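Starting off, we have a lone chain in the form predicted alone, written out as structure tokens.
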Amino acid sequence: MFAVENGLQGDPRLQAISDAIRVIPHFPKTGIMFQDITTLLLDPVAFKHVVDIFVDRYKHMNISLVAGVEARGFIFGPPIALAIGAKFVPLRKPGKLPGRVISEEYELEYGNDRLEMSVEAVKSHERALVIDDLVATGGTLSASINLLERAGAEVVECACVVGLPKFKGHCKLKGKPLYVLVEPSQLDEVTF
């Protein structure tokens, strides 16, 4: 569900967030319109809007764990976790976590990858939120859900700053709700 479909239609914060995201054509390869959140992070007002909207949504949902997908989920996850009184759990690329990990392989829009999570990070029956910067096909978020559920957590929702409308029908999130703040504004080519 997009924020505008859930009571935030006309909210000027969404336009400020959208305006702060730079689109880079043909990156990392020809045909891709890359949604660069770096410019959003350089705008403290727009960045705060992102965190505030997510905090407002999740502060009363009894979430005990915010899982951030490497690397951009690491940017948004910790301030949200702190504000709602939850712990932050990083979901990392292979070989980045010490100790025992569980892993989940998944398909990307242009290849395959794998996420890992520390087995000690999650306790059974914890209520979890998964956060990332962008959802296209849902492969990364689905892998995140699988990791958390294998550890015994209940995934309440997935949240992303940007969601690609072209892929709404292809998103596979194992029946979990998805909350997205904005859609990209330049969609004349394939966009990730």
Partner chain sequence: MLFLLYILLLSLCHRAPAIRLPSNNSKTPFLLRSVCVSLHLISYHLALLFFRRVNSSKASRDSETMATKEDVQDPRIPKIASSIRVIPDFPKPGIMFQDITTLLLDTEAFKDTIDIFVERYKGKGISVVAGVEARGFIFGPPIALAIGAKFVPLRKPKKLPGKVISEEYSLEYGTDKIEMHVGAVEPGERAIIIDDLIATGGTLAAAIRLLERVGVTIAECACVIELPVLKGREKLGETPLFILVTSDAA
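Please read these numbers as outputs of a predicted model, since none were measured by experiment. Positions refer to the first chain, counted from 1.
There is another form of the same protein, the form predicted together with the partner chain; it is not shown, and what comes next is about it.
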| item | value |
| --- | --- |
| Triplet F27, D36 and E70 all within 4.5 Å of the partner chain in the predicted bound form via a heavy atom | yes |
| 4.5 angstroms heavy atom contact with the partner chain in the predicted bound form for K48 | yes |
| Residue contact check: R22 to the partner chain in the predicted bound form, 4.5 Å heavy atom | yes |
| Distance check, L41 to the partner chain in the predicted bound form, heavy atom within 4.5 Å | yes |
| Partner contact for G111 in the predicted bound form: the partner chain, 4.5 angstroms, heavy atom | no |
| Residues of stretch 83-97 in contact with the partner chain in the predicted bound form (4.5 Å, non-hydrogen atom) | G85, A86, K87, F88, V89, P90, R92, G95, K96, L97 |
